[in-house]
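Consider the single chain below, provided in structure tokens and representing the form predicted alone.
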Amino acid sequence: MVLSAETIVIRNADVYPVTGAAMMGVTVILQDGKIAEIGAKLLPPKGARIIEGKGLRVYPGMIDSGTELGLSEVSSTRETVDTGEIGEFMPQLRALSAVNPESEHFGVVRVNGITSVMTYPASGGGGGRGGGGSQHISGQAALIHTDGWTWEDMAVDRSAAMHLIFPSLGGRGGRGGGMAPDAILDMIPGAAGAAGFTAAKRTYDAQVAKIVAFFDEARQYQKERAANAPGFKRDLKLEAMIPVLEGKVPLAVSASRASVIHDAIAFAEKQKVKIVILQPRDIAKVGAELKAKNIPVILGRVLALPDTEDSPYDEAFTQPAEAYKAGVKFAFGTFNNEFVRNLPYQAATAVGFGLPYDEALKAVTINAAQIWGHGNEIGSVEKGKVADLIVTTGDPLEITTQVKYLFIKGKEVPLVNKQTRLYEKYMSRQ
């Protein structure tokens, strides 16, 4: 039996809904796990717990759209990493069923105001989701809360997206792994470079053809299943593809460079499926196409080094502003558990390089919720929504701001983690 959350009243606080204008000195009532009321001069229900919010701010909990939280604890210790299953096409795998609710990472990110994350079954092989590798479909990514007794309790959406690792010329690209191989090929002069590119293109085309063949097989399976064809046998892998083919679950496509993103868009149009692009690096080149096709993106880390020695120093810093100028809907993902706690500061850095503040805040709240199909439940402070809230001393994108209270589904979650426990332990040493 799941017990309902207690009734909580946050009184006389400044509320920043994200989807509307700020409301100064109002009361927020949390009841049965949801936001029951927001307004001035509200009477607290009998028996409610009251939190004095004068001088404090209320924001929606933040959402990181690219993590492996709950699946990877210590990346260098294989026994603590439950990602990267063997197999080129593994759509039946659900990241959620492998989530460890006791992961120390959850406590760390909650302290910085992160209440929900997308967790992926695999990154496509080390260092960021840039595409390539031997695996093409790694499984179903889950949208989860960062607190819960079990993985079932944590689930917001068990199958928020199917992760497709789109091939890239010459192998993997992506920040964190050095120069992208296709960029290296471009630098090779003469016949050797041409031969290298030809071989890489041949491999790339073969990988794309393999993905197309798998989708065609899944579509044929869908038809036979609907017709209840004689001798029809269920197949777990192909069964898992049906929600994608029906447009109920989007493909989260790892594709970084402009040429690969263009191919991924063409592939999605031909297959008639919805896609979200993960970690695009060439927004300036593909922004118009993404806007025209209404395709959202999940940007990678803003606090990152340039991809190549010839790239501008602020290449990563300016990507969000370029996406905004192009009219592309976007959210932020850190794509490495080490950096999830820095999600608000990724957004803040983008503000310093041209992104409007309001858009930065939306990118870690309502935009993420809408991209993953849950904008009516989480991502903003509105009556009737799930009570995923943070109460802060100031702007949550500022590094000096402290999160005083954090609520997930209307329940206050203690702001403790391994670091705070060690601090208390050694500060109290006699």
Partner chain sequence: MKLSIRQYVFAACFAAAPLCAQTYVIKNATVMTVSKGTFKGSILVKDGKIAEVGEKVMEPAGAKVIDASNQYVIPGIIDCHSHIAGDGGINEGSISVSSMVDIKDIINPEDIAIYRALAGGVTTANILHGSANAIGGRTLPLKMRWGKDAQGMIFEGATPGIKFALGENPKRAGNPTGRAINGQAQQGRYPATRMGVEDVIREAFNNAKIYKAEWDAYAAKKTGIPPRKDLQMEALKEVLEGKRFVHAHSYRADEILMLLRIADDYGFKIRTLQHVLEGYKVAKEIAAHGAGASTFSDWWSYKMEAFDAIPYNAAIMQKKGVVVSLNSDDAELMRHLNSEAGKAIKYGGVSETEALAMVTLNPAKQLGIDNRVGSIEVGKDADLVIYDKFPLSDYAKVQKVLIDGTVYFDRDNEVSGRPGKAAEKQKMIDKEKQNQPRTQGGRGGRGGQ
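Please read all numbers here as calculations on a predicted model, not as lab measurements. Numbering follows the first chain given and starts at 1.
Not on display, but discussed next: the form predicted in complex with its partner chain.
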Applying a 4.5 Å heavy atom distance criterion, does F339 contact its partner chain in the predicted complex? yes
Is E52 one of the residues lying within 4.5 Å of its partner chain in the predicted complex, judged by heavy atom distances? no
Examine D310 and determine whether its closest non-hydrogen atom to its partner chain in the predicted complex is within 4.5 angstroms. yes
Is A304 close enough to its partner chain in the predicted complex to count, meaning some heavy atom within 4.5 Å? yes
Go through Q135, Q279, Q319, T349 and name the one with a heavy atom inside 4.5 Å of its partner chain in the predicted complex. T349
I366, V28, L397, V386: which sits within 4.5 Å of its partner chain in the predicted complex by any heavy atom? L397
Please state whether all three residues Q222, K248 and E412 have a non-hydrogen atom within 4.5 angstroms of its partner chain in the predicted complex. no
Counting only non-hydrogen atoms, the one stretch of 326-334, 267-275, 340-348, 248-256 within 4.5 angstroms of its partner chain in the predicted complex is 340-348
If we check its partner chain in the predicted complex, which of the residues in 72-111 reach within 4.5 angstroms of it by a non-hydrogen atom? E73, V74, S75, S76, T77, E104, H105, V108
